[in-house]
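Quick heads-up: it's one chain on its own, the form predicted on its own, in structure tokens.
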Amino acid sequence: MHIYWTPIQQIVKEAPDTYTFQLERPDGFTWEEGAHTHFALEGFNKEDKPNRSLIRHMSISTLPREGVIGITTRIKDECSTFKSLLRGMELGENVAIFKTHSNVPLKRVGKNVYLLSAGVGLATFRPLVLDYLANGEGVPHLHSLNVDSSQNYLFENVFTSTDTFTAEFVDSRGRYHETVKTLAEDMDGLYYVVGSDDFLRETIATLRERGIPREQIVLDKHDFQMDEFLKHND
């Protein structure tokens, strides 16, 4: 396992309590759209066993062509030790990234794709949208639906509707699930879902109730984790 130590180049405030930490891209480091990585702070590997309180599993919210590794996260006033330490970091300080992988690259198989997310989960989908806007081959239509009760919707400069891409934001779970039911009328579509475990289970249940096959539901989970989320809705 290779650990990349890399400095924070910039910290961008995306919305109240939400920040993107832009990291220098190390030589040789690359990734696919929809990738996640292990993001760790100084000291996480000082002992025999990794200090898991200094490690988080984070999505990369940028594409390689943007030249930086973007990690977007919410940091509220009351937060974990990890996020408290992260909030206090300054430009030039190093963080570690390792075990980078994508479970949700954009599938270009001639089907419409629906991106369903909650809150900052939208960060996982930002690179997919940018990749699609640059090249729409194999995806007739891309639709994003994000629910965020704060109504401080993220990346609105990217999530702007075009002829073949539509972006939709709602401010309640109720409106979200009603909208998912409507989207699920496309029985041939691919449904990508990103959010908390509860959000995943609720969304999968809604999709399965509308007759969407499990093979058309894409989660940001490893293969061995997929059955745990999908088996209860078979």
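Note that residue numbering begins at 1 and tracks the sequence as displayed. Only a predicted model underlies this, so the values are computations on that prediction, with no experimental measurement involved.
Heads up, the form predicted in complex with a small molecule isn't pictured, but that's what we're talking about next.
- With the partner removed from view, the residue among Asn135, Ser80, Thr160, Ser149 that has a non-hydrogen atom within 4.5 Å of the small molecule in the model of the complex turns out to be Ser80.
- Distance criterion of 4.5 Å from any heavy atom to the small molecule in the model of the complex singles out Met58 from the list Met58, Val170, Ile204, Val180.
- Contact with the small molecule, judged by heavy atoms within 4.5 Å in the model of the complex, is confined among 92-100, 140-148, 71-79, 126-134 to 71-79.
- Remark: Val120 counts among the residues lining the small molecule in the model of the complex, judged by a heavy atom distance of 4.5 Å or less.
- Taking non-hydrogen atoms only, Glu14 never approaches the small molecule to within 4.5 angstroms in the model of the complex.
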